[in-house]
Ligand SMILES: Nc1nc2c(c(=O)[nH]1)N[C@@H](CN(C=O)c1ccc(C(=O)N[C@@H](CCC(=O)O)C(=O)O)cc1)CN2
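We begin with a single chain expressed as structure tokens, specifically the form predicted alone.
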């Protein structure tokens, strides 16, 4: 699948960018940026983009995302990572990783009956606007099956019943870790089931969820009707990483729209769906581009 890139970005023969992204978090102190930059310079890397943030220059936590061109490096990937670990990371007690843009991340989508987020992600993927490899859609209903198959993506139906929820979760994990897997990201594109802590631990990939921003004030069923009854002036959506605490994981992306007394419940639902689609797509794109670092229950998004 072809993907569009900025014309200045160095590309491989297959059209993929020949770049790497270094993500770092550690206790803030003097010399971190200099040490990282010097290391990359000494090994022939050309730095293309750099972002940094400190929670407090005096004893806070330092975060960095640095993207660099791989052409001209004097080391292979494994040698580069080993050298960085021993000469830089250990010195500053860093948590770090290097991601390579030459290989798109594999993504699985979970959905229930509402298809707006699912179809939006599939369309962005097919059009080349979402830099990923979508390898599977799992749903507890069959509503989206025909649409998903039209995109050439495998669709799996796993019904969920209250008395056999653990069994259903095990079946989903079997698909995620089976012939279609493994996956590096799982997106809950309006999957209306609460996942257990055991499932999250066994998924071996981060999960991103989308929900309306009325929580907790308008938690549960029919939030837009109750929001309308309260006369809200702003509605919105939140994309976040999934944790055991319901809808309380680190927030990646949010957005809102102004509404008024003139908007019906149907209007609020339509506007809300538009926000949910765009917020989820932006959150997924930021994760795929390795722009999100989690710190405690917050995120640093570069």
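Numbering follows the first chain given and starts at 1. Everything numeric here is computed off the predicted structure, so don't read it as measured data.
Beyond what is shown, the protein has a form predicted in complex with this ligand; the following relates to that form.
The single contact residue among 85, 194, 75, 166, judged by any heavy atom lying within 4.5 Å of this ligand in the predicted complex, is 194. Only one of the listed residues (64, 242, 40, 237) places a non-hydrogen atom within 4.5 angstroms of this ligand in the predicted complex, and that residue is 242. Within this chain, residue 139 is remote from the site of this ligand in the predicted complex, having no heavy atom within 4.5 Å.
This ligand is not drawn, but in the predicted complex it has a heavy atom within 4.5 Å of residue 247.
When contacts are judged by a 4.5 Å heavy atom cut-off, residue 98 does not count as touching this ligand in the predicted complex. Heavy atoms of residue 232 never reach within 4.5 Å of this ligand in the predicted complex, leaving it off the interface. The three residues 21, 34 and 50 each lack any heavy atom within 4.5 Å of this ligand in the predicted complex. Here the chain stands by itself, but in the predicted complex one stretch of 157-165, 144-152, 130-138, 99-107, 157-165, has heavy atoms within 4.5 Å of this ligand.
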